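First comes one chain, alone, set out as structure tokens in the form predicted on its own.
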Amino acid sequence: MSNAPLRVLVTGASRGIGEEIAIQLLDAGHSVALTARTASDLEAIVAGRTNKNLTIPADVTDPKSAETAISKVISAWGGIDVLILNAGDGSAAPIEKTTDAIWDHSIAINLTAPFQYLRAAVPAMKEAKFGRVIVIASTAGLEGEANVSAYTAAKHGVVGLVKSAAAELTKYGITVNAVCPSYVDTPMTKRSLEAAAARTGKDFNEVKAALEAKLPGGRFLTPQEVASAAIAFIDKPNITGQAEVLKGE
């Protein structure tokens, strides 16, 4: 990772992959701004850490949150070097039971919010002629899977956003890439498994074991693995527009 301290904003930073990304970057000496809905969760992560940090309680689905968060980072540190768009959510349901509310929420958090944060950060990155934008997407953004149509559509959309933005911004020294993990051991995955167990009438552990058996390596990825892969894009100035697949092989 770059030795020079960078100014970083991480969305969805209070748990799972986002928390691990924030911790790794803080431990590496970077200035890190963390956003999530719960202020106390963010404060717990930065407690006792002496390098520069900001906690910005925000719901990324609020249309005003992107401009507000980016403005706070720029106001505090004079610019923004790295934007890591991790906030996301998914609900499992057959297509006929996928309500408008499920659809709208999935598009809002997994696609619209990343677009709004990217849009808000671009002017400062263009001015600096440097930027790194990294999206935590999913293998669902590259292939289809049953019972997660809203999530899959949103993640396909954000991968498209990554590729389009990369083509547009490369001449300004800005790279835009995505990490596409398979199933990760996070609270969101646990919720999906609980929903599958409820839908099928099977035991939670039975559902989890059946899914793990289908995965390369027979296991879920860890948040640490995904965080490390995402952070690695910071030091890859000649790579942009990529959707890197991560599987627990």
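Residue numbers here begin at 1 and follow the sequence given. Predicted model only: the values in this text are computed from it and were never measured.
The form predicted together with a small molecule exists for this protein as well; it is not shown, and the discussion that follows is about that form.
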{"property": "Contact residue in the predicted bound form, chosen from L25, L9, A13, A230 - any heavy atom within 4.5 Å of the small molecule", "result": "A13"}
{"property": "Among the candidates L83, A154, V176, A87, the residue which, in the predicted bound form, approaches the small molecule to within 4.5 Å (heavy atoms)", "result": "A87"}
{"property": "Contact test, all of S106, N147 and N205, partner the small molecule in the predicted bound form, heavy atom 4.5 Å", "result": "no"}
{"property": "Location of the small molecule contact in the predicted bound form, chosen stretch of 66 to 74, 46 to 54, 196 to 204, 32 to 40 [non-hydrogen atom, 4.5 Å]", "result": "32 to 40"}
{"property": "Interface membership of I134, the small molecule in the predicted bound form, 4.5 Å heavy atom rule", "result": "no"}
{"property": "is_contact(T61, the small molecule) in the predicted bound form, heavy atom dist at most 4.5 Å", "result": "yes"}
{"property": "Residue contact check: Q224 to the small molecule in the predicted bound form, 4.5 Å heavy atom", "result": "no"}
